[in-house]
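In structure tokens, the next block holds one chain alone, the form predicted on its own.
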């Protein structure tokens, strides 16, 4: 993941390092030129001093390792010299500075004519030692600058971090808002850049709140408008059954259709109520085993009508959760198991502790779910077999989507595997032992 802080520090430090390098290079070149000028002046002073020595007296006190060498010539005759020069002239008798090689070294040379004494002074200085001295002086002045680059990087990091702190606080306030909290942000936008972001975010929250209120109102109106005619149809069918006791195929199909329509309406409303922005959960300490027994008891007639064997086992397991949502979860899992299990089949429900928390398992002896469809069954309106399973029962494809939503709201996980029967599917919901936060 890319970081603005790292990007800014890297770019700023790179630019500063580049400028320091260029400045150091230019400074080095200028310093070397100035050092050459000073050394040349020193060499000229040395030549002038040698020119004032008495002519004809050989001076040999300088050793072969000396950085200075000289010769004094008069009328083509060597009248004085240091011990580290050859017998011949080290440079031509042309006034000015030049370079020459002798004695295994390269020398900076100067030819100086002394008019007062009528002789030439040829002075030389080793360039390697001259440059070494100059470089040491220059590098000692540049070295602290390069040493300071890591410290400069730390300083830039602290400055950039402080500059980004308001953005981090702004992000923290956004992150701390609950799913159903669409109130405007109250963070003081004292910075011009954040002010625009804050205003845009508040306008977005305002539009979202308006949209959700409109959706909530629609759901409420739809629930009322759809339930009322369904209830009226059921009453009319009941009255029709009293007037005409003989049941026809058309009457049975009409009753089943109305029941399915009512089921679809309730499932859509359950899906809406289980969305994070509408989930006003009141988490309490719940005995999941006791709740599972109650749901199994309420749904028992469904299994009995298909001669399905329903078994339940479990130990007392307590967790923090929303009782209504967990009951809806179990009801949908049991309804799904009964729907896809043939008559005379078997369904097992178990609740027990595991190493990671609490496991709720519902397994059936139905045809099972292909492995490549185990992830897609939780999508809205998706049904194994597309429209209608071999059991002949229809559904709306929302039951498992609601289960998945409730599982997520309880910070749990759900997995699908083959059941312990010859055929069939097992749904396992794993709840954590503790919950540090409530969605």
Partner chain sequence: MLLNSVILILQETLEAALLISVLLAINLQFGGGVRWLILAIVGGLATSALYASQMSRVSEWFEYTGQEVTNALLQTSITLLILLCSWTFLRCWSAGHDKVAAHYSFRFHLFATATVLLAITREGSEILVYLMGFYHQASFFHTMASGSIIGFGIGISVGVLILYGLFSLQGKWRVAAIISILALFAGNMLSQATLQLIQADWIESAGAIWNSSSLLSEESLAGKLMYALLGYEATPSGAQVIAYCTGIILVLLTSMLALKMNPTNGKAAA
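Here the structure is a predicted model, which is why all the values come from computation and not from measurement. Residue numbers count along the first chain shown, from 1.
One more form of this protein, predicted together with its partner chain, exists but is not displayed; see below.
Enquirer: Within 4.5 Å of its partner chain in the predicted complex, counting heavy atoms only, one of 370-378, 402-410, 37-45, 24-32 shows up; tell me which.
Expert: So the stretch in question is 24-32.
Enquirer: Counting only heavy atoms and a 4.5 Å cut-off, does its partner chain in the predicted complex sit next to every one of 6, 139 and 146?
Expert: Verified in the predicted complex; spot residues all in contact, yes.
Enquirer: Could you tell me which one of 343, 259, 135, 316 places a heavy atom within 4.5 Å of its partner chain in the predicted complex?
Expert: In short, 135.
Enquirer: I'd like to check something about residue 17: if you look in the predicted complex, is any of its heavy atoms closer than or equal to 4.5 Å to a heavy atom of its partner chain?
Expert: Yes.
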